[in-house]
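Before any questions on binding or motion, here is one chain by itself as structure tokens, the form predicted on its own.
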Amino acid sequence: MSGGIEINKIAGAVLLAGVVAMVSGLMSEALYTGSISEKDDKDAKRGYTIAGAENAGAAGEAGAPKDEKPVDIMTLLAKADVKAGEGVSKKCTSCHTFDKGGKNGVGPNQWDLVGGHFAHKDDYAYSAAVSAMKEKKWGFQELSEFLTNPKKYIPGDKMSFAGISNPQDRANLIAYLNTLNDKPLPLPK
């Protein structure tokens, strides 16, 4: 009779472990997508949002205005502050690295970005939208328009950053990014 009780204990432990695993899976799915329903899961946005990313708001430094007209960045680059641009780049460090030969993060390493092709890193899996534009180069104006509102500039890109609305902040950042280059482009005077 004690053998039957032992089998019941083992079966109960296995059943309990299965229930705990199922509940843990449902809870992690709910935390990850915000939904545990299969119907809702099809439309659920997976993952987490990075600070300053989508839905950051229409105004302020983190959120770019929706219909802002492109600014001629060249006049602002003439008075750009590289040190201030380095400070602005801190917003980007949760996804990007900036050192020469640095590893890619969630986004590609930014060394040699300015003047380089849109898909400038061979060892990074770009979105189809960026890959389709790989022959295009990141000039100062292209970077400014992209940094204003990445999703608008390259629809379908996987970058979730909302943008930088302040044109001088963009100019400072671009001037800083330009220094992270084996052959920096000449800045306007």
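Since this is a predicted model, take the numbers as computed values, not measurements. For every residue, the number given is its place in the sequence shown, counted from 1.
Although not depicted, the form predicted together with heme C is the subject of the following passage.
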message = Although the partner isn't part of this model, could you tell me whether residue 171 comes within 4.5 Å of heme C in the predicted bound form, counting any heavy atom of the residue?
response = no
message = Using a 4.5 angstroms cut-off on non-hydrogen atoms, would residue 160 count as touching heme C in the predicted bound form?
response = yes
query = Would residue 141 show up as a contact with heme C in the predicted bound form if we use heavy atoms at 4.5 Å?
reply = no
ask   = Is there a non-hydrogen atom of residue 175 within 4.5 angstroms of a non-hydrogen atom of heme C in the predicted bound form?
value = no
ask   = Taking heavy atoms and a 4.5 Å limit, what residues of 73-102 are near heme C in the predicted bound form?
value = 91, 92, 94, 95, 96
